[in-house]
Structure formats: structure tokens, C-alpha cells
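Just one chain is shown here, as C-alpha cells, and it is the form predicted alone.
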């Protein structure tokens, strides 16, 4: 039997075939949208998927694709694509200090309650006109209670000779370490470029500071006995406690720098309505609660009361510690030069 060559499809045939599809299927195909969220990986990406992408976005017929990677490449991509009419990402996850940097460069859309209704519940001083805060945690001095009998109570305590070679910080958290040093050295966490701040950081380095490539690796260093003290977030301390790692948190007397992570929408985002819907979803109490339970981060909204064990673990001590929020208009402009200074003086030392 001779094979017959397929006849070319005409536009009329394609339309006729589409008309033959079940009406519900055609409506679903037409309604479903796709959006891209550029995010960190690991637990953060998994929690977004399980508590935002699937339960809150899928019912809106919005399919979420995660673009997983490190923060620096995400920021670099925003700059590289700034002149394109359509960028690659709809939502970009950033620390607030980085968000202010790219916001000042004019790369971000304004986010307000008209676009994101749940913004009315966001706690004061956590967000910005182009930034929606997702999670936050105070910076603390972390220590191994099995090794350290007198917990450090100030950043400068890490200079004690007993901790030589046994202090760890995350290399990627360098800017927050410098803000903690600024707070200790000058009383102003915004003075990250002050000579007194740099001098204190160099003294810490001379005491055998260990730089870890990731936050999780600091916990591993404590568990293995490689380090005894460090600078970390309260949230990570709680995660490590729940994993059986011997750690405790001490709030520095001079104050605790706030770590705030959130989301932005690029001006050239391909699907801005979906982007705003996504940010509104991540502010829902159900999603906020799961991040508190699984990662130890405090909710950024006032309509998400915590209960049980997670409420006990995330409760701040009394009297309340000094919580220091940076002036991002200052720190955002200093980020590039401090990054270069850190590479030359801390990484290579």
C-alpha cells in the first residue's frame, strides 16, 4: 500500500479542529496564564511552590515557573535586560537592601494596595514603594551552648582570643555583617563604609574568621564542632534547633539588624497582572504561617497570629531587643563598594 503524503493544513482546518475540542478544555487553555518567579532554591523555593504556586495561584489559572538561582545573577539580569521591552521574569525575589539598589536605578514597578490588596496588612517600616516584604528576622549572635558557657552579648565579643578560628559568618551575608560591625563600632548601622567599621571587621578577620559559602554550611560547622560562635538570623537558629543542632541565640546589646526578604516586579515584566496577584498571594496568612513554621521567619503582615511551638520559638525576648532597620537610601548606594572592599580585604585575607 502506498503511503499518502499529508495534506497541508489550512487556517480554516486548524480553526475547525479547535472548534471540535470540548468547550471546557478550550476555555481552560485560553484562561491559563504563565509567569516566571526568579527565586532562591532549596527550602525557600519549595515552600513557595507548596504554599503559593500550587494552592493560591493554580486556582487563578496562573501557572508558575520558578527560575532558581543566586541573588547576584538575578540583580545582574535586571540591569542587563533594562532596555528590553519584555524581560525574562515577572517577580524577582530580593533582599530589601538589593531591592532598594535596583529600585533607585529605576528598574522596578510601583507596588501599592490598588494592585496588591494585602499590602494594607504589611507591618510598618518593612516595605517600600517598589518592594513587598515577604519574611523577616532579626540578626543575632549564635553560639554552641555545649562549648560556650558565657554567651557573647556584643558583636565585639567575637574578638575574644578564646574564639580564635572558631567564628563563622556567611560570605553571602557580608553586607549584614558589615552593618552589624557598623552598629557596634559607630552606633549607626548605615555607616558601613566608615573607617571604624572596616577596622572592626579586619580585627574580626585577624581572629581567624571563617567564611562559609552558604547559610546552611554555618549550621554544619557548628554541628561538627568547627566553630562555636557566629553571626546569623534568628530564623536559621530556630531551624537548626529543630534539626537537633546545639545552638542558641543571643541578641547583641547594641541592636539587631533586620533581615528582610521580599519581592519586586520589573518594569518590563511580561505579565504584570499575574506578578501582582503572586505578591498578593505570598502575603496571605496561610503562606506566611508556613514560612514561620518551616523556616522560622516572622510574618510581615499583621493578620497572621502565630500559635503553639512556633509562636514560642519566634517570640522576641523581654525586654524587647533593639531592632535596627537600615536607611536603604544610604545602604543601597554603598552596596557595590562594600562588596569590592569585602572581596579584597576579607575574602583574600
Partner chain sequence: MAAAALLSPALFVVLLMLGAPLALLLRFSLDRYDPTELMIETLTGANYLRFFADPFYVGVLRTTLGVAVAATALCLLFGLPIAYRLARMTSRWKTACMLAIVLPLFVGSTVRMVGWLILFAHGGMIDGALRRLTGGGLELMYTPFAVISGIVSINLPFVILTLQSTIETIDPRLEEAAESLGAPPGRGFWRVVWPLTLPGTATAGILCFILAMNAYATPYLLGGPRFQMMAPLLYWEFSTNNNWPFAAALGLILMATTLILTACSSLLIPRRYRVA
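Just so we're clear, the structure is a prediction, and the values are computed from it rather than from any experiment. Residue numbers count along the first chain shown, from 1.
Although it is not shown, the form predicted together with the partner chain is what the next lines describe.
Peer 1: Since the chain is shown here on its own, which stretch among 123-131, 236-244, 68-76, 262-270 would lie within 4.5 Å of the partner chain in the predicted complex, judged by heavy atoms?
Peer 2: Looking at the partner contacts, the answer comes out as 68-76.
Peer 1: Looking at 258, 108, 200, 211, which has any heavy atom no more than 4.5 Å from the partner chain in the predicted complex?
Peer 2: The option sitting close enough to the partner is 211.
Peer 1: The partner chain isn't shown here, but in the predicted complex which of 248, 205, 186, 153 has a heavy atom within 4.5 Å of it?
Peer 2: Answer to the contact question: 205.
Peer 1: Just checking whether residue 191 would be counted as a contact of the partner chain in the predicted complex - the rule being heavy atoms within 4.5 angstroms.
Peer 2: Heavy-atom contact with the partner chain at 4.5 Å: absent for residue 191.
Peer 1: If we define contact as a non-hydrogen atom of the residue within 4.5 angstroms of the partner, is residue 82 a contact of the partner chain in the predicted complex?
Peer 2: Because a heavy atom of residue 82 falls inside 4.5 Å of the partner chain in the predicted complex, the answer is yes.
Peer 1: Does residue 162 reach the partner chain in the predicted complex if we count a contact as any heavy atom within 4.5 Å?
Peer 2: Close contact is absent here: in the predicted complex, residue 162 is far from the partner chain, nothing within 4.5 Å, heavy atoms only.
Peer 1: In the predicted complex, does residue 112 come within 4.5 Å of the partner chain, counting heavy atoms only?
Peer 2: It does not: once the partner chain is placed as it appears in the predicted complex, residue 112 has no heavy atom within 4.5 Å of it.
Peer 1: Need the contact residues for 223-261: heavy atom within 4.5 Å of the partner chain in the predicted complex, sequence order, or none if there are none.
Peer 2: In sequence order, 224, 225, 226 come within 4.5 Å of the partner.
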